[in-house]
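The data below hold one chain only, encoded as structure tokens and taken in the form predicted on its own.
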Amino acid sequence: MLNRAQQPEFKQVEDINFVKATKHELANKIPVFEINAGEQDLIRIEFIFQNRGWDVKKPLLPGVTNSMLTEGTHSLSSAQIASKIDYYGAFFQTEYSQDQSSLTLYSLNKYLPQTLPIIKEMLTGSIFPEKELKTFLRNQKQKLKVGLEKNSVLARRAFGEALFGDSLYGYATRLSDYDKLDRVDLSAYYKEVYHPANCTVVMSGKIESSTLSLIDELFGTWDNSEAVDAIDMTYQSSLEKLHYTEKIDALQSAIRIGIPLVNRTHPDFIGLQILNTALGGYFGSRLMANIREDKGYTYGIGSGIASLQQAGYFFISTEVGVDVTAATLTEIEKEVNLLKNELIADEELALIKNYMMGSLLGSLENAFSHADKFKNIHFFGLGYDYYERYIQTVKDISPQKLRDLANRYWDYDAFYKVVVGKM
């Protein structure tokens, strides 16, 4: 009989198996990556495009163009597109990030011959109708107005600007930016970006033998164009380290602290992820234990490392009562310096390692998540050996190595500190 008074035996995760992507190529050279796994008769097909030609004079152009792909083509209105996709029990979405834009289809395999041509229609024949564009811009402008009333939003915007200035990675949208766009702008950017030479296809799920042939039939004849240069992402960080916005009636202060940092391609990135986990990367982290559990200053505090294609950054984020803003900053500084001056105890490090290995294993629950892991390395020019290094580094890293990384990359005085509320 199971003895529930006895703690289960502790077992460390040893090996993690990835469903690796298989590369194909369409007739017009579009690369297609296949992650074939799963029992459900469901497939996800992503059409991913590198953002190009970002201009500070029209900063919203890439994101708005991507969002408007679904709003009408030469032969289909937005309502017809949605109705046709919905009829077959499928789903589609657009996604925009600072580096890439995408259009994704989720569909049952048996209905791909009906749903995939609609995606092609959006990628090759979008017309950006005037009425829909005006409605979209008006709605987004209203969302921004609401967002600008929130301290957390203001802190995030100020933090990005402090780290990366008025660049692709740091620019904070102004309300006036929505008035700078028209159909001509969107159509020009659409032609520059949404073409085969700038496209990568990632398909994941239960993939049938006929799927690639169907994709090639529809998209392999898509007229190719010359590739265009990637965005030159240069930036100038702020000279000021403290960025304080006082809100007289605020009950809470939003805090964001951090610095530009290396990205996933750097040899130290994995070690820094482990160090970050100790500081604020999981519920049992030092920041949580001190500032939430011990001091009761906040409901939640965390830290993270973001990897962008041409940069990276480290951040700490929280919201606290205005009466403890200064005390919170003091405690954050203390926890950062402890990791620079003292070795992490073996017991704490073992817990962190087990958490990170378990999180990686838990994040690979289906074909779609395996595809996401593939994208995390492919668009940084990395191979699956990155995950081998990740696993080995998590297993082998020592307290001394983590202290060395903290001293090499963390200087609290050099951190950018953004506070919106009261100090």
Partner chain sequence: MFARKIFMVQFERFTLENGLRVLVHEDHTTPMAVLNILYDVGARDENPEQTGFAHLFEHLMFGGSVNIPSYDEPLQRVGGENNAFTSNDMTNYYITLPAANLETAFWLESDRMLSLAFSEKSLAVQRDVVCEEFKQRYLNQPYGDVWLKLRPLVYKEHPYKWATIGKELSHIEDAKIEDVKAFFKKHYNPKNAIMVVGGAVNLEDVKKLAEKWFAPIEGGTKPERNLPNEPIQTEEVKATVTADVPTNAIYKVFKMPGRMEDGYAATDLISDILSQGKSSRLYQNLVQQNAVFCDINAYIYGSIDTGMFVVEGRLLPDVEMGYAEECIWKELDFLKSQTVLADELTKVKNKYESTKAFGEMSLLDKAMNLAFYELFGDANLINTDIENYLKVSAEDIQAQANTLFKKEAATTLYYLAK
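Numbering follows the first chain given and starts at 1. This structure is a prediction, so every number in the text was calculated from the model and none was measured.
If you look for the form predicted in complex with its partner chain, you will not find it shown, but the lines that follow are about it.
Highlighted residues Y244, A345 and Q392: none comes within 4.5 Å of its partner chain in the model of the complex, counting any heavy atom. For the residues N341, Q93, S187, Q142, the 4.5 Å heavy atom test against its partner chain in the model of the complex is passed only by Q142. Of the candidates M122, L275, L163, V320, V320 is the one whose heavy atoms come within 4.5 Å of its partner chain in the model of the complex; the others do not. Proximity to its partner chain in the model of the complex, taken as heavy atoms within 4.5 Å, picks out 282-290 from the listed stretches 302-310, 234-242, 282-290, 177-185. Its partner chain is not drawn, but in the model of the complex it has no heavy atom within 4.5 Å of P113. Contact check for D294: a non-hydrogen atom falls within 4.5 Å of its partner chain in the model of the complex. Using a 4.5 angstroms threshold between heavy atoms, L351 counts as touching its partner chain in the model of the complex. Interface membership of Y106, defined by any non-hydrogen atom within 4.5 Å of its partner chain in the model of the complex, is confirmed. Using a 4.5 Å cut-off on any heavy atom, the residues of 59-80 that reach its partner chain in the model of the complex are, in sequence order, T70, E71, S78, A79.
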